[in-house]
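The chain below stands alone and is given in structure tokens; this is the form predicted on its own.
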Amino acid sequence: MKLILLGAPGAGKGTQALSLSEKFDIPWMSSGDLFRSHRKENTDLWKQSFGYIEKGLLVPDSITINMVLSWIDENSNKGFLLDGFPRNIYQAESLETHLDNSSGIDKAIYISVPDEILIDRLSSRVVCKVCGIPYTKSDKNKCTVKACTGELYQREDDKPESIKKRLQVFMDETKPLIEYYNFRDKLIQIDGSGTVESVRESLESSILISNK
């Protein structure tokens, strides 16, 4: 399967992506993790990105697309689950063009959550410094993922003053992807306002049904 996970910041994409990757045995690519990997290895693509990131600017689509498509070429023999890419229509079209020798992606899964719930979740979220898995402030100070004991911290963009800006960016740039994939009959929409377990069950059952 070739799947895309869509949703606003705080929708639970990272948590659900980990579960779906294990459930369906497909590689999971988080765009944030991918950039961190390139930074660690100091690749040419990271060097091209650094100047923009240092100035607080968005990395150009061309660099992000090259990173993701290279990852797909290296890891997609079993399919893939993309989290954080595509972020706009241009990236989506570039992905479809790259997959032109196949039928493109199978489904784009949109986890829909009301803004008031997103704001509450983000302002109470902390993440592992090592693996990036999200937790809440009420959790322990250490990551509980097997073989990972990284410390938990709150990212700058999860602080209240940054949250509304992030949601507006999603509305302006990423949400049109919902219409893009819906028009192509590839969209699955899931209510993400419930518990982690209930959302996971809805995701898994919807994917299984659509794959028949």
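What you are looking at is a predicted structure, and each value in this text was computed from that prediction instead of being measured. Note that residue numbering follows the sequence shown and begins at 1.
Unshown form predicted in complex with a small molecule; subsequent notes refer to it.
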What is the one choice in Leu152, Leu187, Leu45, Val59 with a heavy atom within 4.5 Å of the small molecule in the predicted complex?
-> Val59
With the partner left out of view, is Pro27 within 4.5 angstroms of the small molecule in the predicted complex by any non-hydrogen atom?
-> no
Contact between Ser21 and the small molecule in the predicted complex at 4.5 Å, heavy atoms?
-> no
Any of the heavy atoms of Leu3 lying within 4.5 Å of the small molecule in the predicted complex?
-> no
Can Leu122 be called a contact residue for the small molecule in the predicted complex at 4.5 Å between heavy atoms?
-> yes
